[in-house]
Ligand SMILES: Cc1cc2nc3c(=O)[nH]c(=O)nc-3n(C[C@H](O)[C@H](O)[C@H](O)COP(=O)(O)OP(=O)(O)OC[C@H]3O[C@@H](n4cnc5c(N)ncnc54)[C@H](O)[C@@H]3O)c2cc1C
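Only one chain is shown below, in structure tokens, and it's the form predicted on its own.
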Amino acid sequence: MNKQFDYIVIGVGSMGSSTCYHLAKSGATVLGIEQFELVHERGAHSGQSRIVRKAYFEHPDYIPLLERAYQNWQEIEKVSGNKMYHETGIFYAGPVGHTIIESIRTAASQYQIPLLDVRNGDQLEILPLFDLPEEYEWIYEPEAGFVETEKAILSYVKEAKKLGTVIHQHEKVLGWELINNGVEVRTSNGNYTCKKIIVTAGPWSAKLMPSINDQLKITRQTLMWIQPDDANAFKTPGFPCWFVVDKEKPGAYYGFPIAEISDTKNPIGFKFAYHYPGAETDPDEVDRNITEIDKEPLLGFIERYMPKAKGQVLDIKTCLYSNSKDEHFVIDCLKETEGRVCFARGFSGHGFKFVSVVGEIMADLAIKGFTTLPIEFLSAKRFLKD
């Protein structure tokens, strides 16, 4: 068994699988280590699908990265022969003047992103499927959709392996230390050496980098699938992804159209969830039991805002958010390691759409020590003043 590599990627989930692929494209020798099986339900990437959108209310500085992410999603689809991005459009709604709605308009205006807007007298056929309060307004972004998470991760892994990447599953990293001009990684199966490591371990990142432990909060989230009584009304291509602010709560609810997609772990149904950090937890001790407390807010939202979608509950599951202090990503190298330990963490429930570009960024940081992609606003340096 080979024990020496150019780079070792710790955590072969969403960001890790893409990183393995982009590193392998350079001709480097790469080892990816995953403590569970590839595509599992213990971390942050589970649950079938993730929304992709450009009019980014979180921060307009993300949009250049999103432009690159869209290009890279097209690349991996072409290379793998697997369609994983589905352009459905996305419907946003919230109280007039709400920060999220206004930020979407601002981002779209700054980067010339097409929108339909109720303020412009635009119309949408899907409006009767929502029961919006009188004080609500809506926006529709046609160049948005969703990515199949399982297919994306497995496609990146498959293409990385074609380029020589070695992937180890069911192997737990116990620790690492700097040696000479490289890094030694200790695992449950033995030790390995490399030039640099890239930590893309999601909720387990703080356990692998104790110095950032106080900068990462892991929360338990829930996802629900239902079968609406009139399921055809909520299927693609006629129905889009959606994002609706609840005027009585922070955050927002979001969901997906019913689509026939490749998924071995989840039902084909109307999937939705609440985008806001849940109860804090330890990734190794998550309560996976579903209670009425989990169900009530989700079903209550459907009853209030989308009553035509009511129907049989097919499943409800948990996943995890890795939340940074400001809910923005943290992409950098550990200062005390002279660039030998790079990391991507704190994706705070809105990171999967960036998987295709984060892999490229991490490969740049590992191989060149820098990237020309605009990530300065995501540097860990912003927390030094804390």
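The numbering used is simple: start at 1 and walk along the sequence shown. None of these values were measured; they are calculated from a predicted model.
The protein also exists as the form predicted in complex with the ligand; that form is not presented, and the subsequent description refers to it.
With the partner omitted here, the stretch from 124-132, 168-176, 95-103, 76-84 that lies within 4.5 Å of the ligand by heavy atoms in the predicted bound form is 168-176. The three residues 40, 204 and 353 all sit with a heavy atom within 4.5 Å of the ligand in the predicted bound form.
None of 33, 361, 342, 55 but one reaches within 4.5 angstroms of the ligand in the predicted bound form through a heavy atom, and that residue is 33. Checked against the ligand in the predicted bound form, the residues 334, 28, 65, 320 give one hit for a heavy atom within 4.5 Å, which is 320.
Proximity of residue 51 to the ligand in the predicted bound form: non-hydrogen atoms within 4.5 Å are present. Among residues of the shown chain, residue 72 is not one whose heavy atoms approach the ligand to within 4.5 Å in the predicted bound form. Residue contact with the ligand in the predicted bound form: residue 221 places a heavy atom within 4.5 Å of it. Looking at residue 23, you'd find every heavy atom of it more than 4.5 angstroms from the ligand in the predicted bound form.
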